[in-house]
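Presented below, as structure tokens, is a lone chain in the form predicted on its own.
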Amino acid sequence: MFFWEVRSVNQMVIGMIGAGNMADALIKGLLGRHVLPPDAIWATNRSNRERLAGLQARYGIQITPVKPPLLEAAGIIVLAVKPKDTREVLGQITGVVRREQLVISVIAGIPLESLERALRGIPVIRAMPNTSAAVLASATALAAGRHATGEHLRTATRIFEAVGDAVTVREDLLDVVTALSGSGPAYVYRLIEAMSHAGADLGLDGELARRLAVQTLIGAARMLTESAADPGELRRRVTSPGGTTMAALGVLENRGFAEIVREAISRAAERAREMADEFAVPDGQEVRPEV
């Protein structure tokens, strides 16, 4: 499947505005899957020149300390900045991006309405990948704006499928996606930390405990992807009455495991909505191009 998709986006030039962890993951994934050659990927950021130089040294991509060369060269602009920097970046690119370009925002919590109000008719797609893009295993959800066509959405889908799985959702569900899969890797890493520390506390060598915990996660995930059974069924299969697994799950459930997870994801989704209110362009306020 990937071979046809990779060839179909081979002539694109992508410009990353923001050179943080998400941009790094996307660049690594796009190059690792041979979606684009290094000279077809540009990156810039606000002030961290050392970070830019590191990306160029690792990947051989094009870098620029200022945005105009990137905006001129790229057909697809990826906004990968922190939410608090959204208004500043929109002010810098408004009036410069062209209608034939596509803007893809991976900024958590900033709604299409705010982006479109600033960008005035430019096609915009919101994407919520996660940092597993760096190992070609991201889970990405996409939501298209009013000016984005089916072809724009197919292009964005091909890009993000090259670094994992990509689905299309309504924009009103993106905050939940952010909470579930965007922030999700951190939940998994925290679980592995806890399992590793527990194993070490009970006598295992620390590195051995980590190795066992990581492989357990990999195996369980593979079982889920290769089995038609749902997680509940797979859990029941390994939970013998009166056995060790039942004893462990009893502790988790007594401590409200499922409720804690739901509360955590709910709070993350709520925070995404708060960020939209804090950092988006207010109603009636225009983003003015910087001169």
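Keep in mind it's a predicted model, so treat the numbers as computed, not measured. Quick note: we count residues from 1 along the sequence shown, nothing fancier.
The next section is about a form of this same protein that is not shown, the form predicted together with a small molecule.
Participant: Among 161 to 169, 102 to 110, 199 to 207, 146 to 154, which stretch has residues with heavy atoms no more than 4.5 Å from the small molecule in the predicted bound form?
Facilitator: Contact-bearing stretch, as computed: 102 to 110.
Participant: Using a 4.5 Å heavy atom cut-off, which residue among L174, A74, V81, L115 comes into contact with the small molecule in the predicted bound form?
Facilitator: Flagged contact: V81.
Participant: In the predicted bound form, does every one of G18, M22 and T131 come within 4.5 Å of the small molecule, counting any heavy atom?
Facilitator: All of them do, each having a heavy atom within 4.5 Å of the partner.
Participant: Does the 4.5 Å heavy atom contact test between Q92 and the small molecule in the predicted bound form come out positive?
Facilitator: Although the small molecule is absent here, Q92 would touch it in the predicted bound form, with heavy atoms inside 4.5 Å.
Participant: May I ask you to state whether R46 is within 4.5 Å of the small molecule in the predicted bound form, using heavy atom distances?
Facilitator: Yes.
Participant: Is the gap between E88 and the small molecule in the predicted bound form 4.5 Å or less for some heavy atom pair?
Facilitator: It does: once the small molecule is placed as it appears in the predicted bound form, E88 has a heavy atom within 4.5 Å of it.
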